[in-house]
Ligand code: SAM
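Shown next as structure tokens: one chain only, the form predicted on its own.
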Amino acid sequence: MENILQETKFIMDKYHIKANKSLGQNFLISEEVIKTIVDCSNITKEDLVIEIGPGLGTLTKDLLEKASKVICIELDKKMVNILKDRFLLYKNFELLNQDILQVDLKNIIQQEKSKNQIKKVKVVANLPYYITTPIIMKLLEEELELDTITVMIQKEVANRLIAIPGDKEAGGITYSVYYYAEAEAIIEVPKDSFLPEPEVTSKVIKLKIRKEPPVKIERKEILFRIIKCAFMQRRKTLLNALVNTKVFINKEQGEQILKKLNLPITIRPENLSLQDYANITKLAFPLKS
């Protein structure tokens, strides 16, 4: 840790940098964590890596050594100047000074695949904690040609993302992640792995994008709307939550649907499987023939 700590302090002094709290900046200074992230990403010379929020480039350096190409997407102009200086001599480095939520990743990936011998595309990132969920949902919902997403995020959020539907940790987002990817925990990261120390413990997780979703559903946007409505009122029973949000026309319809699916009318939103929600979707919103 000492070497990276010295290097980080040197770069911060040289460029007169302070961590920007509004951008959720905490600079990683643990060699062990960096090595773990890179190793578990299984990066080869045939891979394109997209790094979100590279900051000072601590992780970038190792990614450049392993990958065919690394595209870094960084919002903070101060960081952009540092990254340009640091990796000037790397032929496989590209930098975009943009907001990740506004970037057309589909187009970038298509272009890279057409002009380079890229086999797999992998996202690696130490994500800003204040926009973790929107970034992960963008990566999943846009159905990009991704192989894996390896990210460091707040532990509490990580536990929700990698939970299995039906677990007590499950939230609305658990079901979305499960639909698109197989998730696993990699390593817990203590606060002292960063400069400055964040207020929360972090966790590295890896999402392996599924080739096929685990449930067959023709209108997945309705499925996810129903899940969202269920978890908006997670202290209530599923029946009450879906009646209150007008998913069920009334209590009678809701009771009929739950009875047909052999689900107790007292069941709570987090106790259902993804297949249960898919079955509710089909019965509550049947396709018109």
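Note that the structure is predicted; figures quoted are calculated from it, not measured. Residues carry their position along the shown sequence, with the first being 1.
The form predicted together with S-adenosylmethionine is left out here; the points below concern that form.
When contacts are defined as a non-hydrogen atom within 4.5 Å, none of C229, L239 and V243 contacts S-adenosylmethionine in the model of the complex. Using a 4.5 angstroms threshold between heavy atoms, I100 counts as touching S-adenosylmethionine in the model of the complex. Of the heavy atoms in N126, some are within 4.5 Å of S-adenosylmethionine in the model of the complex.
Although the partner is absent here, E51 is a contact residue: one of its heavy atoms lies within 4.5 angstroms of S-adenosylmethionine in the model of the complex.
At least one heavy atom of I131 is located within 4.5 Å of S-adenosylmethionine in the model of the complex. Checking E94, E112, E145, D76 for any heavy atom within 4.5 Å of S-adenosylmethionine in the model of the complex turns up a single hit: D76. Partner contact region in the model of the complex: 24 to 32, out of 24 to 32, 218 to 226, 41 to 49, 254 to 262, criterion any non-hydrogen atom within 4.5 Å of S-adenosylmethionine.
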